[in-house]
Every structure is written in structure tokens, then in C-alpha cells.
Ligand code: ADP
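One chain follows as C-alpha cells, the form predicted alone.
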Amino acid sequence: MNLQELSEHVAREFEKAFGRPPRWIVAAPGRVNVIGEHIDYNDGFVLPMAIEYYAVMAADRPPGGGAMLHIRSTAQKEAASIDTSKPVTTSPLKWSNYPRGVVAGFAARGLNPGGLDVLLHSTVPLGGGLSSSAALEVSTATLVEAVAGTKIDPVEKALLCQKAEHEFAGVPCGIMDQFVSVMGRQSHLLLLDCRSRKTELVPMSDPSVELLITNTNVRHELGISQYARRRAQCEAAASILGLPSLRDASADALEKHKSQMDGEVFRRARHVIGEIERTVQAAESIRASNWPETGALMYASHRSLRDDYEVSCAEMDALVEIAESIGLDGGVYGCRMTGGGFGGCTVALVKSDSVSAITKKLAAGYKAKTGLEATIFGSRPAGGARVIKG
């Protein structure tokens, strides 16, 4: 379903659930990061795009009025209830803390949505590193804006959603996910400077290419603890280099200080320095529609994440190896893991007219190598959050 069809579907589901049509419908996309992994907390550059998969919310005022905001999700058994007449706090119902944090953030700015009946339906795959949580947060923020009849600054909106994830969901995420869900534009990637928070749209309108996202459908439990460890290692490397972050580090300076670093710390820093450079280069090659160069940078990114940052896994490596074996003759320019690692998704830059054949080869090859079924879908760069009705 395209977004219009999806919105109409959610409107019908709202009417089934609540017995009346919705007054507001909003949507916010998930995202895939094309290149620039584990860079956001090192103040570097990332190059994500919004994908054509969305968290959609349909809403109306409750017939009896009141201050209760009820959110029913098509993916959750238990509904979320938020009393907007009181300070909003966290809930044992974990999924509800993402919208709760957003409502709290708006309340702190004097924008209270009041009582609402809400139906949430999301097509963003859960647990695949495609920012289903950011899509939920930004969808909630967009709904509050629509209900309040006002818009806040897009950067402020993204930071409000990030704060909700930090303080209510307990996830120390960077700024990339929320920024691209708010500010994505159709047929463009978003080059984000994670230090200055400046964004630059990178056109990707060539119809001959698209991105193919493959979900390994595995998630190794190492992720959260290993994320914190790598973040600390990056901070240690920056301290040895006498820098506030690895953003300003160079490969030469790192090599000169190699003897002062633990081997792991050195490799982590080498990944970050190289990945920042690759991301800037990829933005330029995409602007020039130089797809072979873009693909080569994606493969180099994966090798660095696998060998230096050590956040890949056998299943992700298998998918990248299969993509490489298909090669340019088969329509694949490049492929890499995307997201935090230890499972989740890979992203491949492919020829549009080869998508069907590549999908079959990836699925068959992955099943043969791992015994697992992959979920594969394509996307072109999508637009960011929007109000569809209201």
C-alpha cells in the first residue's frame, strides 16, 4: 500500500474501533541509514533516508470529552492511556513510553493535546534497526501539532522526540533517526552533521537505482551492552588524541598515537575516522550519480564495521557476501549492514530493473547459508512526517 492507501486503511480501522471517522490522520516514516554507522555519537556525518514504511495515527476527540488520551495499536494487545491533566510519567507498558515521552515534551512547552482516541498502525518492521521507535515518536509529535493547530521548529521537534526516547524509553539514541523522520524529503537523502545539527538534502532521483533492504530476522542480545562499550572506547581514543570527539581526528594522528592505545580502542577509532570520510565521499558520489563508487564505499563501510568495530554478525556477513557474489553484472552496486548491528538489516544499492532477480538470489542464498528466511523489500527515498487529514 502507498501512503494514501495506508491512510485510508487506518481510517477504516479507526471507524471500526471507535464507531466514527477520525478527525486527524498523521504519518511519520522509518529510516534506513545508507552509510555512516556508529558516527552520530562521535559528532560525525550520517547519510540516512526516510523509507516508504510509516507509523500512521488516526485520532478524534472522545465523545464524552475529558483529558484521557487513549492509544490503541494494531500490533499490541494492551492500549496505552495517558492522563493529560497530570504530569506524564513512565509506564510499565513499555511501548507506550515512546508516545508518553512526546506528550510530556509538548506539555513542558505549554502544548497539551487533551483527550483523544487514537489508533496506531505501523508498517515499519519492528526490531530491524529501521527506527520504528522514531517513527512512533514523530507520528505522535505530528499529531499533537495538528491537534494544537501549531507547529514547532523541525529541529526542536526532532530533539523533543529524541529526549522522549532517552528519558521515557531509556534508550540513549543519537539524533539521526528522529531528524530524518521529521525532515526527510522524497527523492533525497539527508546528510546530517551530528555536531552542528545542520542538514543538507542530497538528491537521489535517478529511477535506475533503488535501495533494497534485507532483514536478517535475527537480533543478538549483545547489542545494548556492546553499544555502551564501544561508545566508551571512542571517548577513550578521543581523550588520548586530546580531542573532544573523534570528529576532528585524522588517520595520521591516530597512527602516531597507536602505541598509547589498547588494540581494540585503536580499531574502534580507525572505523570512526574512516566512516566519517566515507560518508562525505558517498554524499558526493550520489550527487554525481556515480553508483559504482557509492557501492564501493558501502562495501568498505561493512568491512570496517565487521573487522574494526566488530558489530556485524554471521547472518549480516552472509547477506553482504551473497550481494558481492551477485555483483555488478547481476545488478548490485554495493551492500552493507545498517543500524546498530548484532542483527537487523542490510541495505544494498541495486539496479531497479534487477530488483526481482536480486531478491530471489538473496533469499535463496541466505536460506542456504543460514537456514533462515529473510524479509526483503525495496524503497526509494520517502518524504518526512506529515498531516494527511486535519
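We number the residues from 1 along the sequence you see. Here the structure is a predicted model, which is why all the values come from computation and not from measurement.
One more form of this protein, predicted together with adenosine-5'-diphosphate, exists but is not displayed; see below.
Only one of 182 to 190, 104 to 112, 90 to 98, 304 to 312 has heavy atoms within 4.5 Å of adenosine-5'-diphosphate in the predicted complex; I'd like to know which.
Of the stretches listed, the one contacting the partner is 90 to 98.
adenosine-5'-diphosphate contact at residue 145 in the predicted complex, heavy atom, 4.5 Å
Residue 145: no, not in contact with adenosine-5'-diphosphate in the predicted complex.
Close approach of residue 244 to adenosine-5'-diphosphate in the predicted complex, 4.5 Å, heavy atom
No, residue 244 is distant from the partner.
Given that adenosine-5'-diphosphate is not shown alongside this chain, does residue 274 nevertheless sit within 4.5 Å of it in the predicted complex, heavy atom to heavy atom?
The answer is no: residue 274 has no heavy atom within 4.5 Å of adenosine-5'-diphosphate.
Against adenosine-5'-diphosphate in the predicted complex, would residue 140 count as a contact residue? Criterion: heavy atoms within 4.5 Å.
Output for residue 140 is no: heavy atoms all beyond 4.5 Å of adenosine-5'-diphosphate.
Exactly one of 136, 282, 158, 319 has a non-hydrogen atom within 4.5 Å of adenosine-5'-diphosphate in the predicted complex; which residue is it?
Only one option qualifies, and that one is 136.
Ok, 269, 116, 298, 120: which has a heavy atom sitting within 4.5 Å of adenosine-5'-diphosphate in the predicted complex?
None of the others qualify; the residue that does is 120.
Pull the contact list for 99 to 135: residues with a heavy atom within 4.5 Å of adenosine-5'-diphosphate in the predicted complex, in sequence order.
Residues within 4.5 Å: 120, 122, 125, 126, 127, 128, 129, 130, 131, 132, 133.
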